[in-house]
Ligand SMILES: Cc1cc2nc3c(=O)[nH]c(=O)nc-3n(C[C@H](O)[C@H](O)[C@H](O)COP(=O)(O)OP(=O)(O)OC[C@H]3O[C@@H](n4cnc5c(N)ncnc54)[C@H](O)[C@@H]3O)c2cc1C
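This document starts with one chain, in the form predicted alone, laid out as structure tokens.
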């Protein structure tokens, strides 16, 4: 198969990148599972936006402080300054953000934010945004989406990427030749026993980068979300209890139903406090109570959370729910510049797969969707600008080494986990 642009990943970054490319470019998007099985669909809380210039310094500082000042300031500035343009695109695509009675956009607040600057759609903001982007992509004549089609490797020579080795359950192994390739393959949650991520997100893009000497950065910077619904069922994806719930007034209790922490601390700090309390109590969870939030606000803002808890046997209106920290987000990844370019020519990285420096050591709540979209658009513009000078013939490649899919997957997982462990030990 030949195409102008190959995008490995069908979350919000991959879809938005495709939509920002010119209509005369042929684009192929690979979905490792079903097209809706990306973590972008799972994002509950919302997406940040700079409301006006008066909030710029505070928003910048909140992002830097949450990231322990290991962020790239240039990347943070680009993200914040681009936020209004990005939200405008989303509204034009039909995204239905919550609005006040006068029709103005509603804003909420989450942990480590000093002001309300987060737009939302109930408690399924990611589904609303990514679903609208998917609708748009399906309507474009130049975009082809291949479901259940995994990127196994890249085709490369002399530090140039020529496309990917892919595997489809229908077509088996095949090569997709592309003038430019974009890694938008998500995070690494599938490597962890307890994670809010889909299980198929196993850091494939990072593994391929490690194999080919493509620069990576901070891949041991892994965020643990402080509040996911506790379950004793092995292998079940952890259900996230959005930070917005705490932003609207939910409180955390210890085993004696006593409040023990400021619920709006940065995620890594709050996670540590919860883990310490669990150890003190000798319990595998702490309690979260929504008793201080008006009932109508809970039902209006968090219907998905209410419904899931009810399905698991908890009535959030009359009782506390057990919560526990779980792996949630990947701040590191393939090193990318402000246009998504990696250290290999004609290979881009965007979204959770990439590390452009926005998040530093710890991501500020609701910056993930915004960061993914802002740099996806910048990558698309860079690709469109550079394809006028396309070049070179794709090298020949032997596919026999990719036949044992299970062994390859295990090898990739081990490469990523070994590198994370090496970096942790080094630090």
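Positions refer to the first chain, counted from 1. Just so we're clear, the structure is a prediction, and the values are computed from it rather than from any experiment.
Below, we refer to the form predicted in complex with the named molecule, which is not included among the displayed structures.
J.: Within a 4.5 Å heavy atom cut-off, is residue 17 in contact with the named molecule in the predicted bound form?
T.: No.
J.: Quick one: is residue 200 in contact with the named molecule in the predicted bound form, heavy atoms, 4.5 Å cut-off?
T.: Yes.
J.: Residue 180 near the named molecule in the predicted bound form, any heavy atom under 4.5 Å?
T.: Judged by the heavy-atom cut-off of 4.5 Å, residue 180 is well away from the named molecule in the predicted bound form.
J.: Would residue 32 count as touching the named molecule in the predicted bound form under a 4.5 Å heavy atom rule?
T.: Residue 32 belongs to the contact set for the named molecule.
J.: So, a 4.5 angstroms cut-off on heavy atom distances: do all three of 155, 214 and 348 pass it with respect to the named molecule in the predicted bound form?
T.: Checked in the predicted bound form: no contact with the named molecule for any of the three.
J.: Just one of 229, 252, 149, 222 has a heavy atom within 4.5 angstroms of the named molecule in the predicted bound form, so which one?
T.: Exactly one residue meets the criterion: 149.
J.: Looking at 168 to 176, 323 to 331, 286 to 294, 95 to 103, which stretch has residues with any non-hydrogen atom within 4.5 Å of the named molecule in the predicted bound form?
T.: One stretch meets the cut-off, namely 323 to 331.
J.: Pick out the residues of 11 to 45 whose heavy atoms come within 4.5 Å of the named molecule in the predicted bound form.
T.: Heavy-atom contacts to the named molecule in the predicted bound form: 11, 12, 13, 14, 30, 31, 32, 33, 37, 38, 39, 40, 42, 43, 44, 45.
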